[in-house]
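Encoded as structure tokens, the following chain is the form predicted alone, with no partner shown.
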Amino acid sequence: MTAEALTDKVDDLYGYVQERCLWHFSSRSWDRQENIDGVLAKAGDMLTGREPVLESPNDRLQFAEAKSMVEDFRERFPWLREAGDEEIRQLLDGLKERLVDIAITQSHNRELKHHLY
């Protein structure tokens, strides 16, 4: 896949997440990072046919978020059904990078990094 095609597909996934999902907007930066990591890891498992780890209540919550997201991804983005494991990993890595950058790194919300949180 070309870099341009990868960027276009990550743009599609990112647009969906920004429009439809709230799990990456927790009130603390470490919560945001944990949710982004967990939901996208569970999504990656489901998209590549692996069984997600569901050992804790947080794992199950992230799985529930990922499950509906993956169902919508498959419906809205037919090209995702044809993607191989490596391409899925690249797409989710790009999506994760963008979410972390926007929701954590570039956020102007001072509460995210407040020392009392």
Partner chain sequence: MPMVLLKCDKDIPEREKHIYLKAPDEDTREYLPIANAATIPGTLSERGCAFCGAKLVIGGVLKDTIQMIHGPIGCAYDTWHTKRYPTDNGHFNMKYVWSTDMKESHIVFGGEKRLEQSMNEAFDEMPEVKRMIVYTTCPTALIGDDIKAVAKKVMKDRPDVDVFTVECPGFSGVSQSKGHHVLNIGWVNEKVGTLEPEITSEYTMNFIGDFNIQGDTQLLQTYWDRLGIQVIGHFTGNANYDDLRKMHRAKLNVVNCARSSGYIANELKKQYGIPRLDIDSWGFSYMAEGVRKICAFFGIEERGEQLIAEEEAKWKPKLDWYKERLKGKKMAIWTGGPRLWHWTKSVEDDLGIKVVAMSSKFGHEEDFEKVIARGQEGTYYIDDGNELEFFEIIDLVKPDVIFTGPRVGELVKKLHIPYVNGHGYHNGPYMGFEGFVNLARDTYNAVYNPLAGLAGVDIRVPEQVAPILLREAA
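Predicted, not measured: the structure shown is a model, and the values here were computed from it. Positions refer to the first chain, counted from 1.
Keep in mind that the form predicted together with its partner chain is missing from the display, and what follows is about it.
A residue is said to contact a partner when one of its heavy atoms sits within 4.5 Å of a partner heavy atom; Leu61 meets this definition for its partner chain in the predicted complex. In the predicted complex, its partner chain lies farther than 4.5 Å from every heavy atom of Pro78. Residue contact check for Asp45: none of its heavy atoms lie within 4.5 Å of its partner chain in the predicted complex.
Among residues of the shown chain, Lys113 is not one whose heavy atoms approach its partner chain to within 4.5 Å in the predicted complex. Interface residues of 8 to 22, taken as those with a heavy atom within 4.5 Å of its partner chain in the predicted complex (partner not displayed): Tyr14, Tyr16, Gln18, Glu19, Arg20, Cys21, Leu22, in sequence order.
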